[in-house]
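Next up is one chain by itself, shown in C-alpha cells, the form predicted on its own.
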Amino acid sequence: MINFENVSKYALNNVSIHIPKGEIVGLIGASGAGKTTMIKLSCGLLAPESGRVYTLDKNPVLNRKLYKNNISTFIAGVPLLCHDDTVSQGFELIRNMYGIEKTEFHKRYEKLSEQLDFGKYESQSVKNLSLGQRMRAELGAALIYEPKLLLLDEPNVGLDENGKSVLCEILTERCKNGMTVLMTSHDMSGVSKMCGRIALLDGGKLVFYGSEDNLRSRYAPIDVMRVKICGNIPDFEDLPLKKYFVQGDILTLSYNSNHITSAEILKLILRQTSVSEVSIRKPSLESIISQLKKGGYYELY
C-alpha cells in the first residue's frame, strides 16, 4: 500500500518502510522527528529529496489526480470544511467534489453523523464549533468517501475519551474491510488501542517498526506481579525471577516475560499456598518510548 525506499526529506534520514493493506500503523516520535513529512510524502504533497515513495504502487507526486477517490488525508490545522459554511454545506461540497451518488452519500453521512455525533450541529457554521465538535466533523469529512488509504495527522487532538473510542471503532471496522491507515499521534494510549503496528521515528530515523508486543518483547519484557497470599511463603528457588520481596502477605515479583509467563509463576505459587488477589503491571507504551529515546532498556519495578 505504501512503500518508502531509502527516503530522505527534511528531518527524515534514509527511511525504508512497507505498510501493507488493511493495517493501522501508528507513526510516533518527538516533534520534528519527521512524522508529518511522512504523511505528506505518502499523499504526494511533498517529493523526496532522495529515495523513492510508492503509494498504491504509483509515484504519489505524479499521480495525485488518480488518487482523488482512493486517498484521504487529514492534517491537523488544515481544514477539510470551509469555516464559513455550515457542517452540512461542507459535506455537500465534498459530495460534489468526489462525485458521490446522492443516495449512497446520505447513507454514509447518516451513519458517520450518528457515530461521530456531529449531526446535532450540522446547521451551525464550522467557525462557531468548539475544537472537539470541529474535529468530529472533520474526521467525518475525511471518511465520507470511503478511501482505500487514510492518512491522519494527530486525529485525537481535541477529542474526548468517547470521541477517541468511537474513532478507534470506526477505523477498526474499516480496516477489516480493507482500508489502510497511517496515523501520527502523541496519544500513546490511542496508538496502543488502535494500531496493529508501530513505527517509531527518532531524529529522522526509523528505529523500530513492528507490533507493540514485539516492541515490549525486545525493549521492555520486565513485568511485575503482586500476589496476596493466604498461607506460607512459596519457594521461588527454581524460577528465573529478576528479583522478589515479601511485605506482610504481599509478594512482589519482577520477571522477564520472554523467559517465563505469569501463568507459570502463578501455577507454582498455587501449588504451595492460597491466593486471594493477583495483579500484573506492564510498562506503558509512553514509558517505553521515553526510555528508548534515552537509549536505555526499560525495567519496571
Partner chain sequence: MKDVLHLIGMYTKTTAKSWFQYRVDAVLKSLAVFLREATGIIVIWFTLLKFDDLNGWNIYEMLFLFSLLFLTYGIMIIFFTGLRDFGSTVRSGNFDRFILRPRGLLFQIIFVNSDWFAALGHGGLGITLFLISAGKVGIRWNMYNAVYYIFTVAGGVLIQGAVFLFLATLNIYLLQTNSLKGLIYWNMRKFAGYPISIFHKAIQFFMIYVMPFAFVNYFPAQYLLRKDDMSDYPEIFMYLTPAVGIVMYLIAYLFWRFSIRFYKSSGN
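Keep in mind it's a predicted model, so treat the numbers as computed, not measured. Positions refer to the first chain, counted from 1.
The next section is about a form of this same protein that is not shown, the form predicted in complex with the partner chain.
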{"query": "Answer option from S185, S113, T73, Q133, heavy atom within 4.5 Å of the partner chain in the predicted bound form", "finding": "T73"}
{"query": "One residue of E161, E101, D84, D213 in contact with the partner chain, assessed in the predicted bound form (non-hydrogen atom, 4.5 angstroms)", "finding": "D84"}
{"query": "Heavy atom of K243 within 4.5 Å of the partner chain in the predicted bound form", "finding": "no"}
{"query": "4.5 Å heavy atom contact, G203 to the partner chain in the predicted bound form", "finding": "no"}
{"query": "Exercise: K68 in contact with the partner chain in the predicted bound form, heavy atom 4.5 Å", "finding": "yes"}
{"query": "Contact flag, T36 vs the partner chain in the predicted bound form, heavy atom cut 4.5 Å", "finding": "yes"}
{"query": "4.5 Å heavy atom contact with the partner chain in the predicted bound form for all of Y10, C43 and L46", "finding": "yes"}
{"query": "Segment that reaches the partner chain in the predicted bound form - one of 216-224, 176-184, 85-93, 163-171, heavy atoms within 4.5 Å", "finding": "85-93"}
{"query": "Partner contacts in the predicted bound form for 48-64 (non-hydrogen atom within 4.5 angstroms of the partner chain)", "finding": "R64"}
